[in-house]
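Read the single chain below, which is given as structure tokens and is the form predicted alone.
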Amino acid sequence: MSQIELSAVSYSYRSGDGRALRALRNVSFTVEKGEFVVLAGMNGSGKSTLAKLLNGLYVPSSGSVVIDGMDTRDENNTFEIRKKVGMVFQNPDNQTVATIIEDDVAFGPENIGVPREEIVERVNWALDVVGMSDYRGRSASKLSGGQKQRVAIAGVLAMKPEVLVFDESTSMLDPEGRREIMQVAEALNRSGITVISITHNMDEAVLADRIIVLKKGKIAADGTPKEVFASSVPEECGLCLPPAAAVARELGEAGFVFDDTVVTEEELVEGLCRQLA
């Protein structure tokens, strides 16, 4: 059984005048334990709606979302599903509940009844994982955007989730802050946590095992970064190619030949060196 299973999922909002607005249309896919999956798409593609379906914040209008065998439509499963699937949102300030960092990280475990001794261990571990142990006694208001987001991740990690969903978690950060958060995401994935990153930044997508591209609530592509960037789907969906892939494509039109689809700067440099040697 896959860790996450979506079967023919559709979701509709109600507009102010009562009309149903379809955000997702018959979406089906599975995610295996330990995968790093990017859900990519422009605004309005349905990717953030899909993120909220993964831990029961929303339930499908039709179809099913099943997490480790638990259907999100069954309210009896909601508590366990939200323990398994942690969410890191776009604005870290919206996830801050305490003035002092270590108190903020402890908030989640306290609310699910974790014993005090274990809470201390979880807080220490989570802050260490995200590289914020030295800041534990400080106020979150004094931190940079990237540091605030790392504290938000620590707060989710302290709940010991098996799946971590980043819902546009880097979109408000500067390039350095984005790099910090993606480094944390990669490290967590290497430790065995399933990572799902919702983004329209294709630089981040090259880090994933797999990219699912959404367009107008439907899946437009599902494959490895090389498979997806070898196709015309990203551009047809309004997404930019990663810089290395874009340069390689232009060089290909100029006569350079690469052995495989280029998605990283290292692959680009290696391909050019081989041809210019």
Partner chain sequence: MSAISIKNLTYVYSKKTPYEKKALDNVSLQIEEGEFVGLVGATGSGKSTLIQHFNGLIRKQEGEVVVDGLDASKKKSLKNLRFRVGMVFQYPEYQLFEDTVAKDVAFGPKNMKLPKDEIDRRVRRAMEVVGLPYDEFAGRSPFELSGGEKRRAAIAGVIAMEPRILVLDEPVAGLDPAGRREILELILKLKAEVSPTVVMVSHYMDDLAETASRIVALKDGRIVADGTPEEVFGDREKAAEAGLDLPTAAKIVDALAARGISLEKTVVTRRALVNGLVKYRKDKSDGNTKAGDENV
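From a predicted model like this one, the values you see are computed outputs, not experimental measurements. Residue numbers count along the first chain shown, from 1.
Below: the form predicted in complex with the partner chain, not depicted.
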Thinking of Arg178, Leu268 and Leu276 as one candidate spot, does the partner chain come within 4.5 Å of a heavy atom in every one of them in the predicted bound form?
yes
As a check of understanding, the residue in Ala221, Leu57, Ala246, Ala230 with any heavy atom within 4.5 Å of the partner chain in the predicted bound form should be identified as Ala246
Segment assignment from 37 to 45, 23 to 31, 60 to 68, 206 to 214: heavy atom within 4.5 Å of the partner chain in the predicted bound form
37 to 45
Does Gly255 make contact with the partner chain in the predicted bound form, using a 4.5 Å heavy atom cut-off?
yes
Hey, in the predicted bound form, does Gln90 get a heavy atom within 4.5 angstroms of the partner chain?
yes
With a 4.5 Å heavy atom cut-off, would you call Glu121 a contact of the partner chain in the predicted bound form?
no
Within a 4.5 Å heavy atom cut-off, is Glu236 in contact with the partner chain in the predicted bound form?
no
